[in-house]
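First, one chain by itself in structure tokens, the form predicted on its own.
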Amino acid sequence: MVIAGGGFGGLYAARRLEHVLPPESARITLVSDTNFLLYTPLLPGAASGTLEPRHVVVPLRSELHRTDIRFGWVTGADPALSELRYRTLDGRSETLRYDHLIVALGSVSRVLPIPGLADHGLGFKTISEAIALRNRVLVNLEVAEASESPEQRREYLTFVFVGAGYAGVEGIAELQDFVADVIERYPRARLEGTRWIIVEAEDRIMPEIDPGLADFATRELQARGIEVRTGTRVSAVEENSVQLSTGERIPCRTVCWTAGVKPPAIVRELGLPLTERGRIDVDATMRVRGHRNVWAIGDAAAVPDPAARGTRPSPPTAQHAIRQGRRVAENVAATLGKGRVRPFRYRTLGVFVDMGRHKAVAQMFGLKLRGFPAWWAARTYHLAMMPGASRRLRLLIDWTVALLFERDSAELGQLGHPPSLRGFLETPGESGAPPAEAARAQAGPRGP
């Protein structure tokens, strides 16, 4: 068994296969370009400093005990030969033969060809992007604090989020909450004040949830001073401004793009049928159409949504990917005589939108919650869904510390980017020693 992708779908498929298949009957191999699962619903907490970044990821090797994990990038496949190709960390090209292949490659940000967006915008889908956004916010505060120009300060203290889905709403709410906590340390910036704007092309924010809950979320954002621009698009992004479709030009230095996702480009190299929107075409059992031993799940697959009677693909959420991973593992096992192949039947149990400051909106089991009860329900749900008791304890500690103590405002953009030793290389004689002695020191000790 080969699984391509180590996100929610891939991890839970591997875990289920380990459980339902005895060790002697199957070998499970998982290929992933990261050695961890990112728990994406908690990404805004990592960006705002509420959660330690390491506590929102799950190392694959700590959850999978019989799976052979290969760290690399999928480069293609040949379904006719039952082969998957990938590139290792050290640049080698490897080929895996499979009896069954589960494609769980997830999604990437859907970036539109807006002038300047790719050059000046920031994404908000990976842990590195979340930390980069936090660092950008802190750098902007530092620059604004040192600036003598009110116009320049306003540019650095204005933050624009594009896309008002889950990621955009939670991201802007958490980041504004973070800045509100630390801005007292920046007297000039505090007097100038910050400006927060969220831009959405649709006529309301979060079209995925109940209109009443979306309206409550809109009022909550506006009550905090966040400007909500619905029915509006971004037409251009420059280094120090954003141009809107309304003709308004907003001076700003930070644009965060959260306007949707799409399947990664590699799915087009797998030799599998795709839908019009580029997702892998599968039936209700998640078997790829026309291929008896290839399955696809998660954001990269057009799994029919049971809630819509199969008339549209399932939404790209962690909830669906987890359940698809479990069910596809059971279906693969069924082809080996362990049970029977069954269709994907999961319907969304609830939605949670954590907006910081003990505020959230939630809908679960037919109930609509707002404010503190929804915030408590959201935290409880994520705590329950996080794999591993030790990681759940770490989350609980992080949240408790955030309630009791001030947030840290250290800008850590150097993490993962250490300076090269070449910049500190001494030339002979630079250390103060005579050139001859420096040469002998570099040559090292000599034999007798």
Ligand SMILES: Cc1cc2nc3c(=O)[nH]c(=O)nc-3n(C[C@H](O)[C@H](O)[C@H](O)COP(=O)(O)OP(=O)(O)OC[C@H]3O[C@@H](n4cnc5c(N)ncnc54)[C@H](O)[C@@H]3O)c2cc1C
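Residue positions are given as counts along the sequence shown, with the first one as 1. Owing to the predicted nature of the structure, the values given are computational and were not obtained by experimental measurement.
Not pictured, yet referred to below: the form predicted in complex with this ligand.
Colleague: Spell out, yes or no, whether the shortest heavy atom distance between D33 and this ligand in the predicted bound form is within 4.5 Å.
Modeller: Contact check for D33: yes, within 4.5 Å of this ligand in the predicted bound form.
Colleague: Any of the heavy atoms of G106 lying within 4.5 Å of this ligand in the predicted bound form?
Modeller: Although this ligand is absent here, G106 would touch it in the predicted bound form, with heavy atoms inside 4.5 Å.
Colleague: Answer with yes or no whether S147 is in contact with this ligand in the predicted bound form, where contact means some heavy atom within 4.5 Å.
Modeller: S147: no contact with this ligand in the predicted bound form.
Colleague: Any chance W376 has a heavy atom within 4.5 Å of this ligand in the predicted bound form?
Modeller: No, W376 is distant from the partner.
Colleague: Thinking of V74, A167 and D299 as one candidate spot, does this ligand come within 4.5 Å of a heavy atom in every one of them in the predicted bound form?
Modeller: The answer is yes; V74, A167 and D299 each reach this ligand.
Colleague: If we take heavy atoms and a 4.5 Å cut-off, which stretch out of 98-106, 284-292, 332-340, 156-164 is in contact with this ligand in the predicted bound form?
Modeller: Going by heavy atoms within 4.5 Å, the stretch is 98-106.
Colleague: Using heavy atoms only and a 4.5 Å cut-off, determine which of A321, V242, A217, I198 is in contact with this ligand in the predicted bound form.
Modeller: By the 4.5 Å criterion, the partner-contacting residue is A321.
Colleague: Consider the chain as shown here, without its partner, and state which of I266, L138, L369, I183 has a heavy atom within 4.5 Å of this ligand in the predicted bound form.
Modeller: Selected residue: I266.
Colleague: If you look in the predicted bound form, which residues in 112-142 sit within 4.5 Å of this ligand (heavy atoms)?
Modeller: Contacting residues: F124, K125.
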